[in-house]
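Here we start with a single chain on its own, the form predicted on its own, put down as structure tokens.
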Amino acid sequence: MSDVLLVAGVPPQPGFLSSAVHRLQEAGARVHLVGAVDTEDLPADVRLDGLCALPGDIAKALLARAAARATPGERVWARIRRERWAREQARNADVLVALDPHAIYTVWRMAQRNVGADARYGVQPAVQAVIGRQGTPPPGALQRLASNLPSRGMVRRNLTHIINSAPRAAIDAVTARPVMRSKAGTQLWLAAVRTPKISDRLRTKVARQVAKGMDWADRPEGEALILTATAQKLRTPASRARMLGDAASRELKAGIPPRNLNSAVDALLAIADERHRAGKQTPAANLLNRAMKLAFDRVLHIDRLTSPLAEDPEGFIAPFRNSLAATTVAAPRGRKQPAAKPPTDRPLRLLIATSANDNFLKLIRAHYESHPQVEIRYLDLAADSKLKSVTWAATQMLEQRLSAEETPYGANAEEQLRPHLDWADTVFVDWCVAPAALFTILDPGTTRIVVRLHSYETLSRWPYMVDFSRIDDLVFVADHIKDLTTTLVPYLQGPDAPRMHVLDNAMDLGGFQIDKPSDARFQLGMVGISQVAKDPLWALEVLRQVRRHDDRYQLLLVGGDMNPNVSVASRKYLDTLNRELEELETVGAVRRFGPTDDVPKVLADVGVILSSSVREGCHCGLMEGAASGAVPVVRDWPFFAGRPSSARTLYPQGWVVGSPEEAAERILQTTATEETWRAAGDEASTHALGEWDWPVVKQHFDRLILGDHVI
């Protein structure tokens, strides 16, 4: 005779319970019951072999504050597991039976402990299990509920019933965290979402519920797998594209490069093109924007030590070059008339525009504010609510560019921006991001437009939303940034491309000339460690290399830490960095200074300045260190290494190294004696001041902004 343990997550109907007990007893079982049972409602004809009655609300009750996010199934288990009688019966039972969806999770947990028991959902499967055990050996692990909860066959037969009859209860019960963390749980639901002959609506509903369970279980890769499998079965291309986009988004949110990114981007672009051809520009803009945000997410390009834009720039951007919607957005529209020549009877009216980021504008602003030939205005597009609302409205920008006629957004942008364009002779837009896209949505009239692109923008979607035919001059901070950008943006190689210039950042390096103490020779320094791209772990390896020869060498880190809330990828890198720093700080090899307003003072103690980055525009911190007389040691930035323009073409021969070992060798050679160290530092300072100091660089800016302008 078999022992059966029935588990009730909610009070069973009396008639149902009576029938269940009788059928199991007729099959030759002793029947025990635990769970939500109202003893007053028990049918008189039911003769149980054991009973543990619990309150009827156990699926709703929060047993502890930590259970606030628990599913009903988890709450039932949390209550039943406290009962000693229930634990003993579960260990000794031959068949474990969930009477309702809320009980499934409890039976699954019991089956993990009682590996020889059959575990079933529902009365008929339980009766079959009892009959099947008569004269046969106990089932193995693959027959337990832990491996097939519920069975794939049952899912296929009863999917519509499960979802429609009790959607939240049923799905919550079989998507509890431990189930979804198991390989069996994933395989079960992969089978469910691939079930043939069900509607897209129902398949999508199941996938969303299961994805939520994967989210609860902290399994973004499983969530993406479920959503991708669902997308492959959807009949509607638009639904398929959105589901693939959701799958990629979940992995990006978790800091994981999506496995099916290309499929998601291609599908979204295909539907965007279809909507655009049909004249439905609003949905086309939404789909295109989503494809762009996925393709240019910071997890792929900013918060990693590599990027597909560095590995295969043309291959990565190809889907956008082949998309009708994307090429329509970026197509040159030109200007009705060329920019006017600078006035000769009054000062040049210069409008400097940015959005909340003036980090590289302070010297430029101060120079032209005191310049007798310039009348200047400064426009922070983030400081005015109306301008801010049109600046960062990416979807509406795209819709305007896709539309043959002016949209309400375009009219609003015209109203907000035209007075500034009408006043200015020249507009200087810093950063080729949303403000650059905004200024080129409008025909600038006779106003000259100058845009400066640093390096971040090349890894973003914004250059593909800018009409470069309406820009007169495009400024880059380095040749390698210019090369990569022109490779990625085909319109910069066409007849409507703007004039292109390379101008160094405006830096006041004169204030960094410092007399260094003798012991600074053994002090390595890094200025700026707030991004993964700075890769301070590389610098720590250099430090270890030199300390093998002389433990007087130390590393001084200047600047704020990475923000762990920017992305999961940043947080993971920071966790690794902090572990390694803790070890080195313990032995006095590393000192952290944090943010400072007096960088020259800190650099007084630095004898070797490091650039350990994987990519840079020009690396101002390194240039400041060189100006201070520290010996520069520059990693051959991997994003650009081996290209015609790179760190090796930006800096003097000898500064750039290819590995931590080469870096250590340069440090040990140049700091071997105080005389060699000071000589190398003086040479670096002379070069920095002669090439990058503001008195030199401002002449280049005057030629760009003023040209031959004379009052």
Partner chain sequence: MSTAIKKAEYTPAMPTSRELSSSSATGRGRRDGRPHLIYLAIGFPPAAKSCAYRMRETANQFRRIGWDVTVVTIASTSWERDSGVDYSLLEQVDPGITVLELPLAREDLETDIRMFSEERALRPAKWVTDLRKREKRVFPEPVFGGWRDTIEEAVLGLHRQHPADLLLASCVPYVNLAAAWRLWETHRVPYAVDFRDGWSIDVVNGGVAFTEESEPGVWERRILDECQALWVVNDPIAEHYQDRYPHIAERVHVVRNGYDADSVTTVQPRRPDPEAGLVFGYLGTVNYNARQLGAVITAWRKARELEPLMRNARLEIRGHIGAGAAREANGLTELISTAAADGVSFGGPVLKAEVAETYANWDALVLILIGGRYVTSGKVYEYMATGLPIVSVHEIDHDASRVLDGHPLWTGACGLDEEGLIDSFRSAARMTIEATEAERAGVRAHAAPFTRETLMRQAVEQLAEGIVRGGADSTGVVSPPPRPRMTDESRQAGEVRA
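Positions refer to the first chain, counted from 1. Small disclaimer: the values here were computed from a predicted structure and weren't measured. Each form is matched to the other, and the largest set of C-alpha atoms that superpose within 1.5 Å is called the rigid core.
Here the subject shifts to the form predicted together with its partner chain, a form of this protein not shown in this document.
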Tell me, please, which stretch of 372-380, 499-507, 96-104, 582-590 lies within 4.5 angstroms of its partner chain in the model of the complex when heavy atoms are compared?
-> 96-104
Going by a heavy atom distance of 4.5 Å, is Glu74 a contact of its partner chain in the model of the complex?
-> yes
Is there a non-hydrogen atom of Ala117 within 4.5 angstroms of a non-hydrogen atom of its partner chain in the model of the complex?
-> yes
Residue contact check: Gln124 to its partner chain in the model of the complex, 4.5 Å heavy atom | yes
Its partner chain contact at Ala231 in the model of the complex, heavy atom, 4.5 Å = no
Of Trp108, Phe639, Phe476, Phe428, the only residue with a heavy atom within 4.5 Å of its partner chain in the model of the complex is Trp108
Scan 9-34 and write down, in order along the chain, each residue with a heavy atom lying within 4.5 Å of its partner chain in the model of the complex.
-> Gln13, Pro14, Gly15, Phe16, Arg23
Fitting the rigid core first, would the Cα of Ala679 be found 2 Å or more away between this form and the one not shown?
-> no
After fitting the rigid core, is the C-alpha of Arg321 off by 2 Å or more between this form and the one not shown?
-> no
Answer yes if the CA of Pro695 moves 2 Å or more between this form and the one not shown after aligning the rigid core, and no otherwise.
-> no
